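Next up: just one chain, as structure tokens, the form predicted on its own.
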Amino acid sequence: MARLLDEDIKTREVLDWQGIHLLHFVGSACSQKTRIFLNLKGIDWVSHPVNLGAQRNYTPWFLGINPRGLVPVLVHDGAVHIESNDILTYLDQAFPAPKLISSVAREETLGLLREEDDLHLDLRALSMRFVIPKFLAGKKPSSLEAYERTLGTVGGVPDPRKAIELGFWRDYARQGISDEHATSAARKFQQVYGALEARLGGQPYLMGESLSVIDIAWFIYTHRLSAAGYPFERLHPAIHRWYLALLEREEFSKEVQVPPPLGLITRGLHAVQAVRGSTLVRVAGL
């Protein structure tokens, strides 16, 4: 569902917002994807940062806008849209130039977006194991309790996604991301990237001669997995070249800049993992 019903929205002030507003977080992969899309479309938008590090996504104010507690959220003339791929699909219809979802290959494109979305928790798992240490990534029990207590609805009914989110973060608090979990996630990506590698044979973009939403989506995944230590240059050289070409474009690069303190923390994490033999390459046998 792209658009929430009126009854789903408890923070009523957003219903009066005019124009395009984006609630987002600088380091959120889905937020980065949406900001790149807006850049390429040339759409003017109002920024509303939500600090996920401080767990502001579990406040009553934010949960009153999106009961799922996730960013990004798009508000367009008072209409609230959630879930990044639904937001992008909506924006491509509302602002048709330049076209980033081909009318000719629309069903194929939407299918590829679903495939990308199905791997979101796997991307999160590898991020939590190899990019962001547990002391920074974990959710406070009070935040999860507040999230669980909030009686929000999506589409007028209790949201089944809440159980998935609560389950992920509570499992993470108990045991982190196991070697088995990390290996399973990495192998899924290896299979998908093998297919994406084949797509780039003789064409500059994943859908052909023109840049599309699929390039944006998989650029973000590639950027995050590169930060986790996934060996793209060795395993998927065409993907590696495609990624570097997109990274040179300002519309892409400015949205994935890593704050220096976090970059230092990730490098320290990788150094410890290298000593312990627990890098992504070693754990997943890549």
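These numbers were taken from a predicted model, which means no experiment stands behind them. Don't overthink the numbering: it's just position in the shown sequence, from 1.
Here the subject shifts to the form predicted in complex with a small molecule, a form of this protein not shown in this document.
Enquirer: Do heavy atoms from each of Glu13, Gly64 and Asp77 fall within 4.5 Å of the small molecule in the predicted complex?
Expert: Judged in the predicted complex, none of Glu13, Gly64 and Asp77 sits within 4.5 Å of the small molecule.
Enquirer: Only one of 148-156, 176-184, 115-123, 190-198 gets a heavy atom within 4.5 Å of the small molecule in the predicted complex; which is it?
Expert: That would be 115-123.
Enquirer: May I ask you to choose, among Leu70, Ala217, Ala228, Ile36, the residue with a heavy atom within 4.5 Å of the small molecule in the predicted complex?
Expert: Of the candidates Leu70, Ala217, Ala228, Ile36, Leu70 is the one lying within 4.5 Å of the small molecule in the predicted complex.
Enquirer: Does Lys162 reach the small molecule in the predicted complex, with heavy atoms at most 4.5 Å apart?
Expert: Result no; Lys162 lies far from the small molecule in the predicted complex.
Enquirer: Does Ser28 make contact with the small molecule in the predicted complex, using a 4.5 Å heavy atom cut-off?
Expert: Contact with the small molecule, yes.
Enquirer: Should Ile239 be counted as a contact of the small molecule in the predicted complex, where contact means heavy atoms within 4.5 Å?
Expert: Contact with the small molecule, no.
Enquirer: Contact between Tyr58 and the small molecule in the predicted complex at 4.5 Å, heavy atoms?
Expert: Heavy-atom contact with the small molecule at 4.5 Å: present for Tyr58.
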